[in-house]
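First, one chain by itself in structure tokens, the form predicted on its own.
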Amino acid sequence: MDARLPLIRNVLMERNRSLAELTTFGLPACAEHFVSCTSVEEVREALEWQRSKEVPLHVLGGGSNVLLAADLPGLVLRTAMEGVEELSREGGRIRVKVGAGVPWHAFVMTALERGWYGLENLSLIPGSTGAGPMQNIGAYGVELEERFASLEAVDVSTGEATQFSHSDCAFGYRESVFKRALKGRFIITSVTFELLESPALRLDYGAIRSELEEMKIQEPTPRDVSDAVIRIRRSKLPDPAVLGNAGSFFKNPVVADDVARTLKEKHPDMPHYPAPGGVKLAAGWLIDRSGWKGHDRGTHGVHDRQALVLVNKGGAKGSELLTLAKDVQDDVHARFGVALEREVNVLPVEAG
């Protein structure tokens, strides 16, 4: 049985807490000490304890973009701040503040119900709202940064609350300052978005238009677009409740123009898209063409419908999935000369 003890004032700490059910991969791992924080003050209390004990700190959000490769020493702090609040309306734009612990898809559904538009293409993305800016989540032609206004975060070293503007976050493709220069230095507690009163539908990416035609919808609403995206995602991606996974395991690589031209000459059917700094390739296509789609290693493997997704079929260890990921990366690089980068975060960091 987990031993529990009070932490400073109001926060409850658990010892040897299993984390498997708090991540979508469902991999076996335990936190030496664990707290779930529902407010900025609770975050400060937890950080005060962590600093006083001089133990490692690991931050866990929705657990949808993380691979636990081993037990986590020190303190695991889970962000569980709730709340969705409309702050203002002006010029057809609506500012909405969302707690970091609110599940992302639940927030998107709430936005649609309240007539706040602009996030419908990002439906059914797993994880928490607070994790969204870190990754600059995106899907079907829309990235979070397009509707991002600001966020609030707590400085790990001081406990002070700080506000970050759009420019402060240095967003890029699945990137932000929180994954690079400020990695591990701040804990996001809330995010503010600038949404739209009137729809501005984005239908030209992926299979959205064809899915709407399949649904026999000629004049789509934002809700229709959301429904189409949900149908597409469910047809391609496994449900983590049924098959452990963290969604796309690898980023789509961006290569130089001359590299893309050479590959295109050898592989005329290779998907490619313009991107800042070069040409974006489809990691799923590269992995599929390398023969990894549906690869089975008993307890784990590569999904049979989406080569970007590694899966825990039951009983897998994080270290085994890391080995599989490296095998995929090495093979793709040997065949195409393209380096794949993990999109999933690995904890503890040294295990990755």
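We number the residues from 1 along the sequence you see. This one's a predicted model, so the numbers in the text were calculated from it and none came from an experiment.
Keep in mind the form predicted together with a small molecule is missing from the figure; the text below concerns it.
Contact with the small molecule in the model of the complex, defined as a heavy atom within 4.5 Å, is made by none of 105, 148 and 178.
Residues of just one listed stretch (303 to 311, 319 to 327, 51 to 59, 24 to 32) have heavy atoms within 4.5 Å of the small molecule in the model of the complex: 303 to 311. Using a 4.5 angstroms threshold between heavy atoms, residue 220 stays clear of the small molecule in the model of the complex. Looking at residue 188, you'd find every heavy atom of it more than 4.5 angstroms from the small molecule in the model of the complex. None of the heavy atoms of residue 44 is located within 4.5 Å of the small molecule in the model of the complex. In the model of the complex, residue 117 stays away from the small molecule, with no heavy atom inside 4.5 Å.
Just one of 237, 169, 144, 263 comes within 4.5 Å of the small molecule in the model of the complex, counting any heavy atom, and that one is 237.
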